[in-house]
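Single chain ahead, by itself, as structure tokens, in the form predicted on its own.
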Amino acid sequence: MNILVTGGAGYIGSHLVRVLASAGHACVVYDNLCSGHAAAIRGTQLVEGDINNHEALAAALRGHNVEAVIHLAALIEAAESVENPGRYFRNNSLGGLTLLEAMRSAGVAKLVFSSTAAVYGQPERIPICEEDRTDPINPYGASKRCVEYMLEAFARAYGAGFVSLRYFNVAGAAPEGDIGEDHRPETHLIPLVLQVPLGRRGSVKIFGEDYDTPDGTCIRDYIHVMDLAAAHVLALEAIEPGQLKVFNLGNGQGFSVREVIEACREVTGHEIPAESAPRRRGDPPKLVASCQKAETELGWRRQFADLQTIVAHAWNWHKSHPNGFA
């Protein structure tokens, strides 16, 4: 299948492109490279363009005979979205609408959407199931939920088929260690912790130690990026006309900030000092996925569920590429 991957030069996108190619799909990446890296997708055709450019999107869809789209292009920082909500709704929500309209004009009716656990906000129960209430507590989550509403409407109105994958915390790197996470600035926990043994920072900050959790720090569900990528291949096969299907993608178990730091100490063999810092706005205390639906309906299975393995693969990447793709 010919697939357009928006945001395909980013962290998740570059791993996804590799998995799609291994599954026999032909990929074209559409990315403005504001946070992605062309070096991460060497050998894959890259179209540089913005997600809010209808004409460029439609031309890419038609010019490459695209049969399905995987839409990853988005801004992803919850804390930043609280400070600058307009930027997130403009890029994520309006960009999603622009893409859907470009797909309509190009006759493409299949899409897998990169959504987020942030659509749930403060969960009513743990683990979180797909049918649970969605009530985002930050504009990032709201901007993604907005696109899901659009997908529902476009499926009903035009008979298009969509799958929305609600990611929990994505981590790790390709086991080969040649591609991995490279955000600038970096805000994700595991790469931030690993910057300490790399000598790039003296300590790591723990944002909030008074949450209602066993050790007082936030608990998150960390899914290996390669397991996440594999789910997209299965999602493509599950698309049905006129339907929006929604699946959680996570590890199914939660790890606290302190547990992640300790895993990084064990994997790297380095002492990693940690300092207390105030809570960040928009951070729920605990997010853990129920992935039973993806396992049952997609046949999805995780290969790298162990936290130490996730950290070890990330460490292989960071220690061999301390400056990322630079």
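Because the structure is a prediction, the values reported are computed rather than measured. Residues carry their position along the shown sequence, with the first being 1.
Unshown form predicted in complex with uridine-5'-diphosphate; subsequent notes refer to it.
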How would the site be scored, open or blocked, if uridine-5'-diphosphate were superimposed onto this chain using its pose in the model of the complex (blocked means 3 or more ligand atoms within 2.4 Å of backbone or C-beta)? open
Contact at 113, 152 and 248 by uridine-5'-diphosphate in the model of the complex, all three, heavy atom at most 4.5 Å: no
Would residue 280 count as a contact of uridine-5'-diphosphate in the model of the complex, using a 4.5 angstroms cut-off between non-hydrogen atoms? yes
Applying a 4.5 Å heavy atom distance criterion, does residue 120 contact uridine-5'-diphosphate in the model of the complex? no
How about residue 51 - does it come within 4.5 Å of uridine-5'-diphosphate in the model of the complex, if we only consider non-hydrogen atoms? no
Heavy atom of residue 169 within 4.5 Å of uridine-5'-diphosphate in the model of the complex: yes
Of 87, 104, 188, 200, which residue is found within 4.5 angstroms of uridine-5'-diphosphate in the model of the complex when only non-hydrogen atoms are counted? 188
Which one, 206, 146, 234, 75, lies within 4.5 Å of uridine-5'-diphosphate in the model of the complex by heavy atoms? 206
Tell me which stretch of 213-221, 121-129, 105-113, 239-247 has a heavy atom within 4.5 angstroms of uridine-5'-diphosphate in the model of the complex. 213-221
Which of the residues spanning 247-271 lie within 4.5 Å of uridine-5'-diphosphate in the model of the complex, based on heavy atoms? 257
